[in-house]
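Presented below, as structure tokens, is a lone chain in the form predicted on its own.
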Amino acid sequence: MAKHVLILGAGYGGICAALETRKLLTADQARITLVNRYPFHQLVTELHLPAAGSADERHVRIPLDKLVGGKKIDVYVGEVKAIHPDQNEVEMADGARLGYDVLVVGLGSETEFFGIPGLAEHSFVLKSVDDARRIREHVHACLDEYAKTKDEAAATFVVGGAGLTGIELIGELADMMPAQCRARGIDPSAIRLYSVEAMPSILPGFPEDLIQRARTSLESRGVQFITGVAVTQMEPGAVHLKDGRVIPTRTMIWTGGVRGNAVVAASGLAVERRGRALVNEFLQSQSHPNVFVVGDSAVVMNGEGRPYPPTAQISWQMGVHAGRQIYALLKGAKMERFVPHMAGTLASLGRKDAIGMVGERKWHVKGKPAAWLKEASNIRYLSKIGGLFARA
């Protein structure tokens, strides 16, 4: 009788787990159900493009029926309410209960607001296509308002957090502002773009020469950096900083931290203090061996005892690995430990600029070559999942 493999989340890890499991196991050996809140796969690392208005939402949205259609993978569109690993069951928000023999959890992470007063209530986040749409519409509405009222707060945009997401977003915003201002008769010099980061520097994990390259590029397009200063409070019309400064603004886009998914944290699976699942070298839950956890829902340690960064390339590699270990588990074969291949890290600084480290030697690249490499990495991923010509 076919075993039921239930996969929660169709992000980078989940979609790759589903496709790899099906590639290795026939429908007679495994029935696969892919559960996702939306009927499409989202290219989360590209959400800064529609958020800034640089690309259509279809650029980052791939219908699941186009990705898994004809592959004998069932799709269940709905929200996961709870995981009951002791009962081998998942509870859905619509009341359905889905049983499984093997579970893959790829529900991603949630935004961490660090208890900062007003931040959750009065800021935007960027974790979905819907979030990108809200940001774009809000930014356009603020520019429309400034054109009428000249209210400084309406022309001031703050991105909290200067990691990859924050830097890529503010780079796109810097690129799109001149055209948006011209369309409304606004002097572009009236626009204020702030990148606020509590750590002393931006882009953690990047070498100093590339960090300086990023700062120079973004500052030349109007971005102002405030580093080593934490946000202490957010109000509807102002951001308060630890050094006493107050920035009048109607727009805070918060990219300053993540924590584990709340459903995973409350599931009974072994988790660490931030709610991410603890897994072994095979990506199995440390408490429930028929549960695999991939992507940002898990914390995976490298050989030095440090967690791997929550990147898309590691997430999809975890998904592929989980699919192979599911095959081994069901076939009684030897399982293999997860060892990611780090192809490099690239950060977009706008439409025609980027920085990055590529290859095993982490060669430094910047400018248009880095931007081309970033696009090539996207094409590589889309080719892998069969999504190159499947965008909505």
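We number the residues from 1 along the sequence you see. As the structure is a prediction and not an experimental result, all values here were calculated from the model.
What follows is about the form predicted together with a small molecule, which we do not show.
- In the model of the complex, every residue of the candidate spot (162, 229 and 310) has a heavy atom lying within 4.5 Å of the small molecule.
- Partner proximity in the model of the complex, defined as non-hydrogen atoms within 4.5 angstroms of the small molecule, places exactly one of 285 to 293, 208 to 216, 113 to 121, 173 to 181 at the interface: 113 to 121.
- Checking 257, 188, 268, 222 against the small molecule in the model of the complex, a heavy atom within 4.5 Å turns up for just one residue: 257.
- Of the residues 365, 30, 347, 43, just one reaches the small molecule in the model of the complex with a heavy atom at 4.5 Å or closer; this is 347.
- The shortest heavy atom separation between residue 22 and the small molecule in the model of the complex exceeds 4.5 Å.
- Residue contact with the small molecule in the model of the complex: residue 129 places no heavy atom within 4.5 Å of it.
- Although the partner is absent from this view, residue 198 contacts the small molecule in the model of the complex, with a non-hydrogen atom inside 4.5 angstroms.
- In the model of the complex, at least one heavy atom of residue 204 sits within 4.5 Å of a heavy atom of the small molecule.
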